[in-house]
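Form predicted on its own, single chain, as structure tokens, below.
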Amino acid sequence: MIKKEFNHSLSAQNTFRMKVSCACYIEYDSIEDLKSLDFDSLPQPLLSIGEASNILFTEDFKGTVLRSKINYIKYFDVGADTVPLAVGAGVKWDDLVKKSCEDRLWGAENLSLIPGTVGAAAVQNIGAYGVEAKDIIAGVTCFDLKTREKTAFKVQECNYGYRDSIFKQEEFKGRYIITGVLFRLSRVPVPKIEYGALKSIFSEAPSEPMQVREAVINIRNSKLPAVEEIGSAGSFFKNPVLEPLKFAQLCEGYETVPHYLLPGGFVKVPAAWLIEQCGLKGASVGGAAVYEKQPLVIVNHSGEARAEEVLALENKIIMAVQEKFGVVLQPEVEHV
């Protein structure tokens, strides 16, 4: 079933709570709905969203916003250790994680409480606590706006990287609307608790994925704002990946610098640490502020922040980190 509205306010459809509108807004709940649309007659460009939890709208959108309401979770359970799940793109990501943990399936538990939808997770390759979506994705089904047909990608074809995929790259961006994702989860316990605060919580390996989920939820609630209560788009910047020499230079003058070793000798450094060392925790520009508990997050405390204030604060952070450390932060949040 299709819901269509012109000059639609997007204030309730973006977690940053930017007060913007779009020329046309469409909700759909099946591939058949997409096939029935006359895309050429719609205001252009087209923008496909889930909960818009990783988007900063900088102005009114002059085109058409397409929002998936494709909602299903189907098991293909044949008693093997690996359990495939086909999931609709409109399913809330954390609903999927919660269900998988309740069903004692391992793989998604570290990604608990991340806002957004399953389709958006497959575009963004979301990650947390040593796990990325690509680790449990087997394939992605899409509607191809060029051919107006259903198509599919194996996980290897999605070209996943750090907060990146083929669906974000210039050649393909905007061409494919993700309609469903195939996951492979495990009955066999495979806890990943070596990353960040999880390491100090478990003295021995947890026996249930729900134990990891609950620990992750407690950690996230202690330092991240709930998007239902405070406007934000989660982590605003990517954690920079540095070459060994650059990391060594960054360490000069500091007893310890938090970091994570990557293949090839590269080092990932928390952007939050860099921002905090610049004294920007709690800094603000108008209604936009660096979250006092987690400087990686920019918040819209009052719900009245203007896009130009968020952009000014973003630029202030980037310039301060570059001046102090010679590291250029890259936004994780998509600007529209």
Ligand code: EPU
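Predicted, not measured: the structure shown is a model, and the values here were computed from it. Don't overthink the numbering: it's just position in the shown sequence, from 1.
Separately, the form predicted in complex with this ligand exists; it is not shown, and the next lines address it.
Under a 4.5 angstroms non-hydrogen atom cutoff, this ligand in the predicted complex has Gly127 among its neighbouring residues. In the predicted complex, this ligand sits within 4.5 Å of a heavy atom of Pro295.
None of the heavy atoms of Gly116 is located within 4.5 Å of this ligand in the predicted complex. Residue contact check for Pro270: one or more of its heavy atoms lie within 4.5 Å of this ligand in the predicted complex.
Partner proximity in the predicted complex, defined as non-hydrogen atoms within 4.5 angstroms of this ligand, places exactly one of 167 to 175, 139 to 147, 80 to 88, 252 to 260 at the interface: 252 to 260.
The single contact residue among Trp106, Phe183, Trp93, Phe237, judged by any heavy atom lying within 4.5 Å of this ligand in the predicted complex, is Phe237.
For the options Glu51, Glu27, Asp33, Glu276, the one in contact with this ligand in the predicted complex, meaning a heavy atom within 4.5 Å, is Glu276.
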